[in-house]
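Starting off, we have a lone chain in the form predicted on its own, written out as structure tokens.
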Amino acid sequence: MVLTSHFIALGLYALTTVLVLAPFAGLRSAPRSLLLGVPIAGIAAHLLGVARLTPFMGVAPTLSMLALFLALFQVASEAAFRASAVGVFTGPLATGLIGLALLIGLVPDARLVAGRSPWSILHITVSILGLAMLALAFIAAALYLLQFRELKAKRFGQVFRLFPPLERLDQLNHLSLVVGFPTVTLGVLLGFGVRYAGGVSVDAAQVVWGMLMWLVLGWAVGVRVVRHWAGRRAAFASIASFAAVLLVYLALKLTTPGTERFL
């Protein structure tokens, strides 16, 4: 059931990606009902698979959950902001993450997950949600900069017609950061609680990476809310924050390899 649900979600996310990218290839734009309906069907199948993966442990289940959150954000962005262009990034990412998870192996080792507490599962889930929010802020920022460059060069082509207005992308970036920061904060607090109060072993690399994500996201929120950055400056801040989190993750993964952790 786990594999079947994930393969169905993989196919539907891939179809969503094709629908989103079709207009950029000069093809007819898909109806909005399909842009919402296809990923929603994929999310429904994906949820069935993820529900059978608990308690989460290992890279593969983590990648699957991250893909699920990205697909949810894609639907939410289209529904609330009419920002189907978000799917230019989230579609391939969700598809690729599920494909990678399937290659790694989605069935967690019972020996590794024995005794995993609900608090530990909540910590992992909230942390992945915070990472997905940071990724959404990065995507909104990237779309903003792409469209800004096209407008500055007075090229009113596909990007200008298919991307949402700059103001809407800036709002999406702002919302992602403002909601993402308390989410990451909760994830970090739960991590410390699981490690020190719950007596559960938490890898030091997870603590380092979680604290870094909290710090860089806090900085990105600070320059937006306290220093009132907006537009290009805020977009660059979001991209720099996401890049820092990703680079440190890669560094930690290279120095402490393994697939047994959720990191």
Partner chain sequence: MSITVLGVNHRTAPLDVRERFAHTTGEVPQALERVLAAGARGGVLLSTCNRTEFYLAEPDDTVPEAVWALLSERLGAGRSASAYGYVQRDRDAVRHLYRVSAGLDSMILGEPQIQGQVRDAWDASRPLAGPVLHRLFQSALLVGARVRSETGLATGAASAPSAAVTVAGKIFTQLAGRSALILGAGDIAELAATCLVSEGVRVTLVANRTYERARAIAEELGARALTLDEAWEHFGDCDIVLSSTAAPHAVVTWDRVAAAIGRRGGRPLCILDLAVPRDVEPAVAQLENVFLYDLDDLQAVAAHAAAERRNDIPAAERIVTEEVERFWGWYGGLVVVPVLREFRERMEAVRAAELERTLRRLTHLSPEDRDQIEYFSQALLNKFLHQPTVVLKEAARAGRGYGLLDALKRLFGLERRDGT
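Computed from a predicted structure; not experimentally measured. Positions refer to the first chain, counted from 1.
The same protein has a further form, the form predicted in complex with its partner chain, not shown here; the description that follows concerns it.
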### Task
Report the stretch among 155 to 163, 121 to 129, 94 to 102, 177 to 185 that approaches its partner chain in the model of the complex to within 4.5 Å, counting heavy atoms only.
155 to 163
### Residue contact check: F89 to its partner chain in the model of the complex, 4.5 Å heavy atom
no
### Message
With a cut-off of 4.5 Å between heavy atoms, is Y144 one of the residues that contacts its partner chain in the model of the complex?
### Response
yes
### Message
When the contact criterion is heavy atoms within 4.5 Å, does A76 count as touching its partner chain in the model of the complex?
### Response
no
### Contact test in the model of the complex: R232 vs its partner chain, heavy atoms, 4.5 Å
yes
### Query
Taking its partner chain in the model of the complex, which residues along 165 to 190 bring a heavy atom to within 4.5 Å of it?
P165, L166, E167, R168, Q171
